[in-house]
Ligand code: NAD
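Below you will find one chain, with nothing else, as structure tokens; this is the form predicted alone, and questions on how it binds or moves follow later.
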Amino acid sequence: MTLSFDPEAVDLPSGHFIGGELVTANGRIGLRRPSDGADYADCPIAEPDVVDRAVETAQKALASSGWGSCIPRDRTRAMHRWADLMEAEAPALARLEAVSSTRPIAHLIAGDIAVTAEQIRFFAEMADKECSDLVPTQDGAMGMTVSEPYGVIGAITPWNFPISMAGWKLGPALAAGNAVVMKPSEMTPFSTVRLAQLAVEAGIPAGLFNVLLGDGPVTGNAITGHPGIRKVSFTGSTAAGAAIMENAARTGIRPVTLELGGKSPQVVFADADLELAANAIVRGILANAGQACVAGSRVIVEASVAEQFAGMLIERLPQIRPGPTWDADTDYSPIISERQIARIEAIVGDAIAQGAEVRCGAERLDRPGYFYAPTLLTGVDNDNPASQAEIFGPVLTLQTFTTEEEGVAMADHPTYGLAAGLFTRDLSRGLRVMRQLQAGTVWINRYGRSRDHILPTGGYKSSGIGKDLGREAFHANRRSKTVLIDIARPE
């Protein structure tokens, strides 16, 4: 079976998904394919009355289905069936995502969809294993902490990894006994709608997973500020996360989980395996053409090997196979939109104007769509725009240091603290520096997540609040109640 497909032949689901059914809606946002710039579809905008309907539907579904109070193993079984359907429907799901997003079809089949199915199974298995506790108290009393679902979770996901990010939110929320009202990005809405259809086919009660299409100012604000939403989970930019926190508090205090922007450093010591480091760094920045919050875009290299290491990066960065996301041979992604590629060009232009030297790239690729060449800039300091801004594109900066203390200081960013990479053969140094890096995730002698879903992810500083993945994500979707019972006989 060939994975390549005709983008014009993909049947796109039309409308919102509420209560187990597609709800017809008029298109308002025109969509263009990143791979060729062609207009191909419209995305509707869910107005506040549609958000009201979805939240009410979720509340009724929770009450009527008993999802949050049923035998936990029943939730586990339904979610396992859902993961099975994801895998069985992988080609169709991948086409829905590839046609609209930056994700090549082969990457979706081998990576995003397979990993998301694993994550759903991981959280499904937590449903009957993470529970309440009996705690020690005084004689004559019994103390408990009772864990309960919140109710309806509002979730907003970004355009860069639509299926993967939906899985991050849905797995722990549903396994923990909640319902979900989700808004995918208006630029990549269709695969999430199909995920919701598959959930109902798997036996997850209709109305527990509702999908609303729309933009941030109208639909996103209505979801995050709705009084019936008991918790908010968001992945996206730091600016949008701050606005969501403010909006969520307007109609009542509620918890939020935010996975936000990053400007992640990669510190390379002279004693590192430089081949390993160069390969890891290049893979990290070329993945999705740098359109990832954890993209390791700031390379900070010990001065004695800096020029050698720059040459290794320059040799590897251009070795790409750009192409449309519907071509199975494509391994290098387009940029999501004309607006985003123009933003990349503007930041790189400002960086050059302030002294950056272009060692490779720094231009669009001459082909249809929105493709930007892998880029390496040297001669920058921490104040250069390319060092400061989250570019969200395939742009590396390279800086040098002479002492460990200097390298650690350069790695620190005034705003972001999402992830960091560290390359050294010295285990003591690795553990010592790891503790000093201001990041929620540190990878040593590698760069990027594994398929160990037990490991949580989340940021320091303005890179977020709370954790996705791991036990932490499951517990973040449940609230605890303290119970104290007197059991002593009355005098």
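Since the structure is predicted, the reported quantities are computational estimates derived from the model, not experimental observations. A residue's number is simply how far along the shown sequence it sits, counting from 1.
Unshown form predicted in complex with nicotinamide-adenine-dinucleotide; subsequent notes refer to it.
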Would 159, 221 and 235 all count as contacting nicotinamide-adenine-dinucleotide in the model of the complex, using a 4.5 Å heavy atom cut-off? yes
If contact means any heavy atom within 4.5 Å, which of 165-173, 90-98, 377-385, 73-81 contacts nicotinamide-adenine-dinucleotide in the model of the complex? 165-173
Quick one: of 185, 178, 288, 400, which gets a non-hydrogen atom within 4.5 angstroms of nicotinamide-adenine-dinucleotide in the model of the complex? 185
Option touching nicotinamide-adenine-dinucleotide, based on a heavy atom within 4.5 Å in the model of the complex, out of 371, 150, 309, 392: 392
Under a 4.5 Å heavy atom criterion, is residue 215 part of the interface with nicotinamide-adenine-dinucleotide in the model of the complex? yes
Is there any non-hydrogen atom of residue 268 lying within 4.5 Å of nicotinamide-adenine-dinucleotide in the model of the complex? no
Would you classify residue 293 as touching nicotinamide-adenine-dinucleotide in the model of the complex, given a 4.5 Å non-hydrogen atom cut-off? yes
With the partner left out here, check for me: in the model of the complex, does some heavy atom of residue 105 sit within 4.5 Å of nicotinamide-adenine-dinucleotide? no
In the model of the complex, which residues of 241-275 put a heavy atom within 4.5 Å of nicotinamide-adenine-dinucleotide? 243, 244, 259, 260, 261, 262
